[in-house]
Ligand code: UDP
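A single chain, nothing else alongside it, follows as structure tokens in the form predicted on its own.
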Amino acid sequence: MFKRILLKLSGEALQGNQGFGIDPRVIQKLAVEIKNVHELGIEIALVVGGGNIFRGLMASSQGMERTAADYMGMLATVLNSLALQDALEKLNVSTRIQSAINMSELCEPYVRRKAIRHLEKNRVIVLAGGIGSPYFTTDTTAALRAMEVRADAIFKATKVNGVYDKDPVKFSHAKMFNKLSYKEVLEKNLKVMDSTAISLCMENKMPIYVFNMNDPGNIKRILNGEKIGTVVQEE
């Protein structure tokens, strides 16, 4: 069913319990999880956020010029990508970073055909720098890149078990959805991905699997057909 997936990680996922920055233990755990999936023969593209280092939207709301704030957020994704690459290559997983912002000393520029070639050569690719323009989130980046590299699905890792009707951390009676359509996500304003990303996935029929990244083996379980988390797809 799945040959190639795009895994979306939030920047906050990398900070662990420290509240900021990168927790090496979390990075190591993620790298092992990715390696285990990669060894199944699944081609993996990664998009990681930068919120553990800098949140552009938050800085903008506090008075910083939005474009500058967003560019700083994009640079934060490059830092996270370098950390992920280091952890993966220590596990002997061949990894390439491609950035939408040119910084040749650190990573390759993003070129769609080259990204696909890396995947075909059994390399994990980390797609950094957002889409290279302000006003777009890493959720939108994940949706766009999934389409460009012809992924079979987006796997969105979260800290909770799936998509809920309200914040399950604040409300113990929050209800989890097993399955949703794109229209339901938009109409109910559910916090799966931002509306631009959801609309892009809807137009291109790209399924989104939302699962708890803190449960080891969840990606494998979804790949094997188990009903884990929430799936967002056509009605």
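Remember, predicted model here, so these are calculated numbers, not experimental data. Heads up: residue numbers just count along the shown sequence, starting at 1.
The same protein has a further form, the form predicted in complex with this ligand, not shown here; the description that follows concerns it.
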Find out whether any non-hydrogen atom of S133 is located within 4.5 angstroms of this ligand in the model of the complex, and reply yes or no. yes
Quick check on M74: any heavy atom within 4.5 Å of this ligand in the model of the complex? yes
My question is simply whether T137 lines the interface with this ligand in the model of the complex - judged by any non-hydrogen atom within 4.5 Å. yes
Would you check, heavy atoms only and a 4.5 Å threshold, whether F54 touches this ligand in the model of the complex? yes
Specify the contacting stretch among 125 to 133, 107 to 115, 159 to 167, 91 to 99, defined as having any heavy atom within 4.5 Å of this ligand in the model of the complex. 125 to 133
Heavy atom within 4.5 Å of this ligand in the model of the complex: which of A69, A31, A45, I198 fits that? Just give me the one. A69
Looking at this ligand in the model of the complex, which residues in 140 to 155 have at least one heavy atom within 4.5 Å of it? T141
